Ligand code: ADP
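Below sits a lone chain in structure tokens, taken as the form predicted on its own.
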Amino acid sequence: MVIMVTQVQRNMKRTHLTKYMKPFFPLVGLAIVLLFAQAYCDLSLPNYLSNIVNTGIQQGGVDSAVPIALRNSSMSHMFIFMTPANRTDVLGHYTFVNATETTSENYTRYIDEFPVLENESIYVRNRINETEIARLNPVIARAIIPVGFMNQLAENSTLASQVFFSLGFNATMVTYLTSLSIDELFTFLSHSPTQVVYIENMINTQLAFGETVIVQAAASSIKAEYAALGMDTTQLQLNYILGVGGVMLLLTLLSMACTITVSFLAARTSTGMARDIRKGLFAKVENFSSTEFDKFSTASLITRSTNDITQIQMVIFMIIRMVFYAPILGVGGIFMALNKASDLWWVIALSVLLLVVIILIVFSVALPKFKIIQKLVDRLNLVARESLTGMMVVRAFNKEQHEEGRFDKANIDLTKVSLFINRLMVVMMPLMMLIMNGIAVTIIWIGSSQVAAGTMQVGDMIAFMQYTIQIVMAFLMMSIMFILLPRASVSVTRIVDVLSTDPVITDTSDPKRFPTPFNGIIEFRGVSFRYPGAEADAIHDISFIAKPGQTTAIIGPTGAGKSTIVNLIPRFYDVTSGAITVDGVDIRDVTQHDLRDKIGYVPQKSALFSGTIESNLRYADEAASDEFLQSAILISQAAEFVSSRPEGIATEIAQGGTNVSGGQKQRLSIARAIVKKPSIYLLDDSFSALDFKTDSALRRAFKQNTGGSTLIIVTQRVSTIKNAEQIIVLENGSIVGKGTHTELMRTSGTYKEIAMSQMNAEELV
């Protein structure tokens, strides 16, 4: 358990997750303080219960062998069994109240509490601390027990005869002694040191088992003394039980308050940290280049942002609520249990050893499975995401059953591992309950023998059993963590993988600024690029200049590297060799924000966000006027279908733009780029879903309204770029032609072949 928690902490520290913990350190510190308070309350309750059983029930509320008051005659009788030093010591802790001084302050103070004061002087105990009481307990017990015993003999002649015969007296002497009054009997004993020593030895044998037994042995004599003083012994017992019970109730309420508060603090901490980690993870992913997105699948990133962080949130809550509390309770329980019955230490040691063995076995079997389960969750999310996003294709090819089979396989694989772990965890609880019940039976069996022998009190046995159960419960709490910690450890590692991944594309420490005024001249200088892990370049030695006010078109067969060139300009990837400059500045020397602020980008796969048409257009510029939004819609040839909707630009767009056609998505994406009013436009095959009429109208309107910008178009259609000022022909990642349409028809066989496959002779002119 400690190793696992430490590993989680190391992972957090290694990946700077501690910065997400720092704001919550005060809450965690307060929670730990409250956990100590809760543990104190919980560990005190068995001790108070022991006091109720031992003192409240067995001893009638007498909590020490030092009586709160004694009759003068009883004190005199006790002196027979004390040394002179002990007599002086005891008298120094009592105040003498004279029965004849009825007007004294002490008399009026104690007469109601001790009615015997009307007839006999008494001694009242002074205020003394628990340490002094513990020291006086054996001194007074050895004196008051024989006094009580002799009082019983004075009241029971049969018992007295048996005792006197055992002391060696003959029949005549026994008859004489049984006829004496209690005072005469003690007078006789004061002159018979041999009999006093015999009685003292008998008492010492009874008091050889410790302080608790001393008090218990003296309780009956003290209760008899209290009754003789006129005190209500029943009320004394009731007051003691109610007093201790009241303290137990207060401790229970305090423990409850601590539990609720700690749970609240743990919830605040865990949810707050999960929120901050999720936010940090999302911010980290936003800074990823396409290289990092190639490393982490979308399904995996979603799982890490949701499921994995939820696992961390749960384990943080449980660590604060249980992992911190369990050792406090367990260690405290061991100390309290040993204080009650130190000779039963082996019972605790045996139970702890058995629990540790079980937990280690379960941990060693379960941990590898927890590492597998998160990968299976990734797989399940991937299959579900592919099936849902491609549902139209699935239906078109009647592949519903095939997709159900894929999902079932991923689901069953995850279910099998989950069931294995759950079955393993289910076994733990019965085993631990068996250990706990076995411990209880063992304690009762051994404890009852010690109670019968007088070496242990019943309350102490009950308290020891409760403390042992608390120790076992502490391990039970830690065992629950074994369900969460291994999986959370895996989740932390997965979050770590993302947070510790440094983006390949970063801003320079001393960025440059684009010159003013900004023109938007793009130049490729011997650019080559190879995808991470690839064996060959995707593009090689690419050189060209794209000027403002001109259209630079890129065409070529599939896989020639057209989109790669476009993706290099906004630095979605960085060139492997060569350089790309904008207005003479290497794009690697400016910040990504400044570079992309100049670019209007329309990707090959148009992306719309859930919201409205207006919100998607304002994604480019929140401050854009309504008139400019309408202008962008007109330029992109989207006005017809937008105006056909009753809500106009307030029309709702579903997630991913699934409620509009491919051509409509492309036109809205182009409109969004226009709203940005950039100096550079990058259109990556953005006319592919448009009919030729709309394509032509859009290009004409686009040229008229954005003529001063640099325009780079990637396309498969010759008709789209026929009038471009510069056409670049790619094949196998290299430029095989460059020029206008007319020039390329004469000089580039690749371009001519593409053109002739799409257009007839009249259209090519």
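Don't overthink the numbering: it's just position in the shown sequence, from 1. These numbers come from a predicted model, not from an experiment.
Absent from the display: the form predicted together with the named molecule. The rest refers to it.
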Exercise. Work out which of the listed stretches, 552 to 560, 339 to 347, 361 to 369, 502 to 510, brings a heavy atom within 4.5 angstroms of the named molecule in the predicted complex.
Key: 552 to 560
Exercise. May I ask you to choose, among L265, L117, V582, A538, the residue with a heavy atom within 4.5 Å of the named molecule in the predicted complex?
Key: A538
Self-check item: Of F407, Y573, F149, F324, the one that lies within 4.5 Å of the named molecule in the predicted complex (heavy atoms)
Solution: Y573
Quiz item: Does the named molecule get within 4.5 angstroms of any non-hydrogen atom of S74 in the predicted complex?
Solution: no
Exercise. Examine F288 and determine whether its closest non-hydrogen atom to the named molecule in the predicted complex is within 4.5 angstroms.
Key: no
Quiz item: Though only this chain appears here, would Y531 touch the named molecule in the predicted complex if you measure heavy atom gaps against 4.5 Å?
Solution: yes
Self-check item: is_contact(D294, the named molecule) in the predicted complex, heavy atom dist at most 4.5 Å
Solution: yes
